[in-house]
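The data below hold one chain only, encoded as structure tokens and taken in the form predicted on its own.
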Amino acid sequence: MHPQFAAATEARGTPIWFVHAGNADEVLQAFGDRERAFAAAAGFEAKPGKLLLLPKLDGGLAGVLFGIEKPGDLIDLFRPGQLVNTLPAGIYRFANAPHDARLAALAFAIGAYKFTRYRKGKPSKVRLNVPDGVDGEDLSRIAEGVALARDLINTPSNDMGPDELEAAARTLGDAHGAKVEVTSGEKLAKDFPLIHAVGMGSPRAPRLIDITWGNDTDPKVTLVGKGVCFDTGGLDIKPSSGMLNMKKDMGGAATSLGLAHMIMSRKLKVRLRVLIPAVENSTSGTSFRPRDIFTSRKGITVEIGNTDAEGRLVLADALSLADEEKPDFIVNFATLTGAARVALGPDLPAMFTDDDALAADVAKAGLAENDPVWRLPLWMPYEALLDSKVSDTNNVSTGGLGGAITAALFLKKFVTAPSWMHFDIFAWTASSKPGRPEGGECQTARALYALLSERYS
């Protein structure tokens, strides 16, 4: 069980009463005159995020009033996660129902996350009785997957290169009895030319990490995660401001590993495969160059229009491998384009697929899990923007518009499976929110886990 959840054998916790403009009078009427007078004297208002500790006569804590949004307003389902960092140490319980008790409890767990590898912090001593009817074990595995992804993204690139990403994958595989194979060196150059090309400018050798788990007779689900451990932009070098957070450019790989943990821990009835092209895009005398042409694993020749569009190159070879065994479902995660952030902002990942039913199911799951996504079109007329005069395709489009779409269309060239889905994620929270501390973030994994759990439990 997650450290933020009290064991079933432990004491019944201090009650937390969730109040809003629609129920405040009713909730306060349930208290005695003394508590109501105290709340009035303290000036408590039933507004989102407002907190009041109600004392006992002996100085102990009788209960907590916490403001949330009124039904019908714009609701933050993770608002209760704010409590884990504001309440005094102790065990608590929900005295009445927040908007979603399950997500409120999950927010407690993931809101307590701290990245402590380099600066030690004290763990939260606020714990929660898991609400009745909520599966605490499932919430725990979700929170563990989120923490794994956040830890990997938050780790700086000097300690999170291709070697270290491989080690993290092997640790996860060992924990769940999965098979882990790695392709590198001459074999990588021969079998995965685009992955090798992107990584050949760095002394930290590129590789393809291949994790398999489950029974071959079960439906095949393949996750592909962009593992660019740092991105200078290559010879088309980024400005310093553009490089500042490029340790998170392996956020797709981190997301795939976090989701893989959830799937394997629950033992879903799938044959899971996780493919991670792990590289560092560096500048050196051996870096790949603008106007170079490489033949991909699929046989498609690619002209390099910009070395800073490296993520789609490494994903192309990995997607080609994934597609070769015709799995039931392929999904890739990538911190791929700034254009997706311009279109949808940092909190709403872009989703691309030709499968309308799948898109609807994922969008529905995302809303239910407070892990939202937004579908953008695979607008085929824009594919002409990727034309090259000297090869089958360019890796970037002409002009500067529709960049998230043209990147997705480039990836589509390497996949034939009808149920393929591409997520263009930010993988970062710029300023803390309830349940979402500042730093690396695991986006879209919880939505996908909910969908896969519904289909393959």
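All residue numbers are counted from 1 along the displayed sequence. Since the model is a prediction, treat every value here as computed from it, not as a measurement.
From this point on, the text means the form predicted together with a small molecule, which you will not see here.
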- Message: So if I measure heavy atom distances to the small molecule in the predicted complex, which of the stretches 106-114, 245-253, 72-80, 173-181 falls within 4.5 Å?
- Response: 245-253
- Would you please decide whether N306 lies within 4.5 angstroms of the small molecule in the predicted complex, comparing each non-hydrogen atom pair? yes
- Would R312 count as touching the small molecule in the predicted complex under a 4.5 Å heavy atom rule? yes
- Although the small molecule is absent from this view, report whether T337 comes within 4.5 Å of it in the predicted complex, heavy atoms only. yes
- Task: Give a yes/no on whether K238 approaches the small molecule to within 4.5 Å in the predicted complex, heavy atoms considered.
- Result: yes
- Query: Considering I405, V64, A46, V396, which brings a non-hydrogen atom within 4.5 Å of the small molecule in the predicted complex?
  - Reply: V396
- Any chance D317, F410 and H422 all have a heavy atom within 4.5 Å of the small molecule in the predicted complex? no
